[in-house]
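Here you'll find one protein chain in two forms, each presented separately as structure tokens under the names structure 1 and structure 2.
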Structure 1
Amino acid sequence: MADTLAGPVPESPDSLPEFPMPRQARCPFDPPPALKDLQEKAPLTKVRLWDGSEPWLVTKYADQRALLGDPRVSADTDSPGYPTKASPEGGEGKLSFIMMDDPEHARLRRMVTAPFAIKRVEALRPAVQKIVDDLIDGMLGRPGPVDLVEEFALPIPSLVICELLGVPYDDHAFFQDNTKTMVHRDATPEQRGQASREVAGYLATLIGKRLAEPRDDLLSGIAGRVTAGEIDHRQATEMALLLLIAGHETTANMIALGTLALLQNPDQLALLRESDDPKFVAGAVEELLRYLHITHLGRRRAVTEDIEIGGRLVRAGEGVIMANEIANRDPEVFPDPDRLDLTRDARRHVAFGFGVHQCLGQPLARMELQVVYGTLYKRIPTLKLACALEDVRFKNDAFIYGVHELPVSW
């Protein structure tokens, strides 16, 4: 058991809280109540995972930022003490460079940084605006209700990332179906593994084509690194797979969940709908990213050297889990944190992480959300939920949180 510099540590493993913790059904936008209780009373405490391991759970914003920026904390899943998310049969593997440490992490990350630079992303804004407008036109052209997830939230990031990578959009349904299986918490190991192999095989074939006939797309850029001998074909495929999954599954869930949150907060929705100020829309996106949480299994790391954090000594070889959803509700950083307030300056949130492993694609995600939230409610000012909130099915069964469907009408 780790030494402590302050505060008690439970003596019996039976007294440790289990993680992840159940969400409160009556308020699906809020973190589990147990997390808030821990943040107030025991912000750094041990929890028990499915395999009996006992990593530290970190709930304070300042402690999480300190750990995420500390080179003594490893993202490598092979590091001793790393808290795994799934059973050994679940097929949890490395998603390319995000589960590596520097210098290899930095070397691989630099290969795909350029397309996500802010200037490059801003150049895509007109194309994203057209995608959003065309999808809204399609919804308005048919009688409601419609499923906003299927008709709007999923196609937007799928179209964008397919265009960026150079993947034919005709194959987007193939990717959506398989990536849903890959991130589904209750998928069998066989289902998850098969879905991953299907997508990886497809991408490997496309990369092979780009090796022979390069184009002006991200896959060709990755293939060029193979030609230069910087990575092999397998590493190129893993990199492309990571970008594809991260590029559409997370943003799609944020579009739908954010819309539902706004519909449940009509005063805030009115502010967004009535504003023509791009800076206000950008600020609203930051607040929605703070208020909501689509990754609810925590950022997981292993400690490689003893670290004092929050008045306690965490030993080398112990795991830490940073529950970002509760860090974004820390009242010491965000006053009245459980209230959605689009006028709040929420730019310090940790929705995209912090430090060297923070999300590579955050400029693209921000731009897509700005276009969506700045357009949808103006184009359809009477948008409303077409069912009771209690009938909305939330993705408590997935690694990435959101809604399975969102029936809306106008």
Structure 2
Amino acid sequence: MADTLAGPVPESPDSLPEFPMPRQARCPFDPPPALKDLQEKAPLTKVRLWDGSEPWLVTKYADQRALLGDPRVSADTDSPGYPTKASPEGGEGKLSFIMMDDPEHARLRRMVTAPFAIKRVEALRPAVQKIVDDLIDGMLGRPGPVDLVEEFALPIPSLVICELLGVPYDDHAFFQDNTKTMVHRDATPEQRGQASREVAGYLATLIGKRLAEPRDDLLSGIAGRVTAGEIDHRQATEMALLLLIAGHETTANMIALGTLALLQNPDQLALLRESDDPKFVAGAVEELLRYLHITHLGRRRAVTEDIEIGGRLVRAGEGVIMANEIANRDPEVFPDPDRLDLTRDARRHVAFGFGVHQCLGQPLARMELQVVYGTLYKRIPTLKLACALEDVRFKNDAFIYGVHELPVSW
């Protein structure tokens, strides 16, 4: 295991560690051993990407928080030195404000913060509870095994975002089919592109309707910004599409991978199943977010002015990659970090990032996961994996980590 990094960390440019690093097959929930090794021995070091570029890799929690909160660090993919994606797959297209810097980032982001306020999100909880209960009823009404990803984990964020955006119920099937294709593992890039255009066109039309007749939903809020002359119709559509995409894969993978992690830790699963305390469930969600760190290919930034950090000088025009999965396992912040412990206080994790770009949808994600984790195992107490752990296919190369499918029975 991790023989290549057992010795001192290489200094010569020819032997820079390659990023991303492989996980260990028998520890599917743990970050690559090489990342742990770097965190101990060289918390700030250059790595080599697939395209030959050499950004810095930041593995310590404190360094990551400092850099992500530093205005001299840019999220604009056009900034000199911005590290290319961790694999040749997947385009680099700009996705609205998440790839911009302040003040434009802040201006656009503030237009869509209202629906993510805690009280507004809490008002959605009964609707989310009904979505989750209905999906469980659907699973229980059929003979097992079922694929939890397809039948439960993916539909939840899709149905929830429909509620939030204000997608009419009659259009659910069209909307869900296309969003499913947008994130489906077997879809070709052409099919994904086509589905994405279908949904964008649909959202543009719906925003047009809300321009004429505003309601109490997120699309009306965005349409209101068009009316006020703050953004144009195209920017409004891009923003709606960003909100739609951002919550899909992330929440779905947290549900499926989280369930698998709990099935592998039956003592922890029992705690969730037996607790009626919403505070405990909320804390368990934070610990699962910390432990699973599903955004596992690093947060990328470009440095725009020289910064001294961790005893090293990172120069303007150099790229930095924050390996947040290993920050969430930093023993200086989380004692015994590789243990899933639902009773620990994990609130300081960086699963949603840190700094001004920290996930906008986090209150919604938290609430969805609280409903799911607080419901599924109580309603199906005999839930079990319907295949061997070795046969579960993990998304090692995907931008968001998780499982391709999760056969379960009860």
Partner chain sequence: MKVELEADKCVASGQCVLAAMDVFDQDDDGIAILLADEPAVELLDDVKEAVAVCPAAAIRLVEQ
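For the two forms, the rigid core is made up of the largest set of C-alpha atoms that agree within 1.5 Å on superposition. All values reported here derive from a predicted model rather than from experimental measurement. Reference numbering: structure 1, starting with residue 1.
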| item | value |
| --- | --- |
| Identity of the form predicted together with its partner chain, given as 1 or 2 | 2 |
| Rigid part versus rigid part between structures 1 and 2; hinge residue out of 357, 192, 237, 337 | 237 |
| Rotation angle of the smaller rigid part relative to the larger between structures 1 and 2, in degrees | 13 |
| Displacement in Å of the C-alpha of residue 216 between structures 1 and 2, rigid core kept as reference | 3.4 |
| Per-residue CA shift, residue 198 (Å; core superposed between structures 1 and 2) | 4.8 |
